[in-house]
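Shown below, as structure tokens, is a lone chain in the form predicted alone; questions about how it binds or moves come after it.
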């Protein structure tokens, strides 16, 4: 199978998953207690008013008709209208998406920068204090709930030492990029952005960091025991070259796979972290929509999160197949 056919196959499978996500999200409205009409109708609305609202929302139609209309609207880019907010759902959701993606990418950078060197160091100094410390750190990272860690980071670094901001997103990465061309002072804009993004990125990326550290350590231990590494060492090549150019390179294929999968997980799993830090992303929007029973916005948010996860998975499969052509033929 060629690389192009492989990517096409994975993309078609991804579309099937997206269709499943849309179907499940559509069904949630009807299996959840309560009625969407209650969120729109006044408390003292009579039956005639409620029937008129149901007709306007299309809720008086058979279920299969509502489903067909919903899918048709989605294919045209119409996610519906939020009567509670008085706005189009697509505009609300995609306005919040950049903040969630920014937070997920920042958490990934924090995790990667810390985990890969730590995993290599742990593997090359096996059964030494550094190895024990890295193992203890990764175990703590996996075991610590991110909402609790976020609260502790706020109490220590924002409240006690007043180093970072407690909540919000006053400066985004776009402002930092614009400062490079002289729109704003670069150093000041960068520091302001770091003051907002650092704590939520650490809280969200800690579990990710611990996972990649353990995976890198395991992969490096396996590679360092192989014959080609011993042959390179026998030739007198520097240890740094052997570890980082040869052994680590062969370790990165499974790490890249997990990186991609976890990036999708971070996009979908940032709900609690965004709530703790009042980060204006999709996670906060989901919680607000649940509290107000704003079903169109909730459905649109869940569909975008699910589609993002599928897209990242397909992209990771393509990168994996490019790095290891044997995958295409499996």
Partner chain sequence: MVSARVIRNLKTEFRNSALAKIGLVLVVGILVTAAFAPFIAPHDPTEQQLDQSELPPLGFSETTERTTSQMVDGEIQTVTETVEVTPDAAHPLGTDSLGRDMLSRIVYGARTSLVVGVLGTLLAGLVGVPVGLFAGYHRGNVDDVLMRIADVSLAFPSLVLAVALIGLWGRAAVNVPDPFVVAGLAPGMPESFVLPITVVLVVGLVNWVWFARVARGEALSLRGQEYVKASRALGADDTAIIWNHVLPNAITPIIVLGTVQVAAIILLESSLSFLGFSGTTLSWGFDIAQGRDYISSGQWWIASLPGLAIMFSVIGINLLGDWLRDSLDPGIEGEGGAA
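Quick caveat, the model's predicted, so the values are computed rather than measured. We call the rigid core whatever largest set of C-alpha positions still superposes within 1.5 Å between the two forms. Numbering follows the first chain given and starts at 1.
Only in words, not in the display: the form predicted together with its partner chain, which the text now covers.
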Residue-level contact is defined here as any heavy atom of the residue lying within 4.5 Å of its partner chain in the model of the complex; does residue 151 satisfy this criterion?
yes
Contact flag, residue 133 vs its partner chain in the model of the complex, heavy atom cut 4.5 Å:
no
So in the model of the complex, does residue 246 come within 4.5 Å of its partner chain, heavy atom to heavy atom?
no
Does the 4.5 Å heavy atom contact test between residue 143 and its partner chain in the model of the complex come out positive?
yes
Only one of 225-233, 238-246, 143-151, 69-77 sits within 4.5 Å of its partner chain in the model of the complex by heavy atom distance, namely 143-151
Site check 218, 287 and 309: each within 4.5 Å of its partner chain in the model of the complex by heavy atom
yes
Which residues within 282-305 place at least one heavy atom within 4.5 Å of its partner chain in the model of the complex?
286, 287, 290, 291, 293, 295, 298, 302, 305
Inspect the rigid-core superposition and answer whether the C-alpha of residue 226 shifts by 2 angstroms or more between this form and the one not shown.
yes
